[in-house]
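Here we start with a single chain on its own, the form predicted alone, put down as C-alpha cells.
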C-alpha cells in the first residue's frame, strides 16, 4: 500500500468540507442566481441530495473493497483494461478540474486583492506549498486541515454583522417561474456535491471505519448549510443583481462596517479563504499523485507530486483564456462532466459489484 497513514473521521470532515466549498463559495451564488433568481437559496438543498447519495454509494463500494481506493477497485470490478482506462480518464479529469480551481484562485486574488501581481506568482506559490503537504501524505494534510479549515469556516460568522441590513422581500416571489429554474440551479450545486466522491480516497485510511458513513453524511449536511447560508445573505442583501457580479460574497463582505470604525473584513475573509484552498489543492494533488502511483504500480507516489503540480498549471491555463470563459465552463460543461465521472460511474461500479456478489452466492 502506497499510503500507510491513518486519520480520524473528524479529520476526514476537516478535509472534505473545504475540498467541496473552497473555490465555489465566492462564485456559485452568481451562477445559480442566473437560473433560479429569487429562489437561489433553495438550490443547495436540491443539490445536496446528490451529496448524500454519493456518500452512501462510495461507502458501499468501500465495504466491498475496504483496503482499496476507486482507482484500484475499478480494475477488480470491470476488469484490468477497462478499469485502467477509466482510472486514467479519472485522473485526467481530476487534473483538469483542479487546474481550473487553481486558476480561479489566482484570478480572484489578481482581480480583487493584489491587482499588480501576476497570476503566476499566486499559482506557483500555492502549488509549491500544496505539493510539500501532499508529499507528506494523508496524515500531514489532515493535521494542517484541522487548523486551516477551522479558520476557513470560522470567518463565515462575519456575515452575521450584516443581519440588520437584510431585506426578506428580495426572496419574493417564491417559485416566480415555477420549479424548473430551481431544479436547474440545483443541478449546478449538484456538480459540486459530486466531490464527495473523493471520500473513496479517504475511507481506506480511517482509523475508525465504522463511523465513516455518518461522518460523510454530516459533512454533506455542513456543506449544504454553508451554501444556503451564503445564498441567503447574498440574496437578501443585494437581490438578484448578484448575477452581474463575479464574486457576490466578496462584495457583501466588503460592505461590513461596525460603528463606522471596524471595516475591511474582506482581508480576514480572504486570508481564511486562501487557507481553505490550500487544504483543497493539497488534498486533490495528493489524490492525483496517489491514484497515478496505484495505476502504474509504483512503490512511492511522492515522486509524482511535483510533476503533477506542474501539470496543474498547464491545465489551468490550457483552454480557459479568461474569467468569463471559466464561468461559462462551470455553468455549462462542468456539471455534466462531474455527473458522469463522480456520480454515474461510481453508481455503475456499485451495481456491478452487487451483481457479482449475488452471482457468486448463487454459484455456491
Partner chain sequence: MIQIRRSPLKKTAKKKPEDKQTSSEDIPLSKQLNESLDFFKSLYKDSSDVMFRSFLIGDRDASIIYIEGLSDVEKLDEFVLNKLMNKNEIDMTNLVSSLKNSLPISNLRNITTYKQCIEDIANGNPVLLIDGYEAAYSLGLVKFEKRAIEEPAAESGIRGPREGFTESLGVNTALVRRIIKDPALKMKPLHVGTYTKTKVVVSYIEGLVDSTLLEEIENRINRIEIDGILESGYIEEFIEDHPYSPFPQVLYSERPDVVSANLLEGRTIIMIDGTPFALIAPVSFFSLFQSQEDYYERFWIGTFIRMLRFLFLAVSLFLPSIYVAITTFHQEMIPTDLLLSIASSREGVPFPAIVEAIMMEFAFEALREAGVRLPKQIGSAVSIVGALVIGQAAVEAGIVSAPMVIVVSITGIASFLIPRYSIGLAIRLLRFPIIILAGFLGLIGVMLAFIILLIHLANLKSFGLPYLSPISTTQKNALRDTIIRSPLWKMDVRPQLTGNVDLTRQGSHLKPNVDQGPGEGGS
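No experiment lies behind these values; they were computed from the predicted model shown. Residue numbers count along the first chain shown, from 1.
Separately, the form predicted together with its partner chain exists; it is not shown, and the next lines address it.
A.B. asks: So in the predicted complex, is its partner chain close enough to residue 205 to count as touching (4.5 Å, heavy atoms)?
C.D. replies: It does not: once its partner chain is placed as it appears in the predicted complex, residue 205 has no heavy atom within 4.5 Å of it.
A.B. asks: Is residue 209 close to its partner chain in the predicted complex, meaning a heavy atom pair under 4.5 Å apart or at it?
C.D. replies: Taking the distances in the predicted complex, the answer for residue 209 is no, it never comes within 4.5 Å of its partner chain.
A.B. asks: Taking heavy atoms only, is residue 294 within 4.5 angstroms of its partner chain in the predicted complex?
C.D. replies: Answer no; every heavy atom of residue 294 is more than 4.5 Å from its partner chain in the predicted complex.
A.B. asks: Is residue 227 near its partner chain? Define near as a heavy atom within 4.5 Å, in the predicted complex.
C.D. replies: Residue 227: no contact with its partner chain in the predicted complex.
A.B. asks: Please pick, from 160, 183, 121, 240, the one residue with any non-hydrogen atom lying within 4.5 angstroms of its partner chain in the predicted complex.
C.D. replies: None of the others qualify; the residue that does is 121.
A.B. asks: Can you pick the one in 290, 199, 188, 148 that has a heavy atom within 4.5 Å of its partner chain in the predicted complex?
C.D. replies: Flagged contact: 148.
A.B. asks: Just one stretch in 190 to 198, 105 to 113, 90 to 98, 164 to 172 has heavy atoms within 4.5 Å of its partner chain in the predicted complex, so which one is it?
C.D. replies: Stretch 105 to 113 is the one.
A.B. asks: Is its partner chain in the predicted complex close enough to 11, 143 and 303 that every residue in that trio has a heavy atom within 4.5 angstroms of it?
C.D. replies: Every residue of the spot touches its partner chain in the predicted complex.
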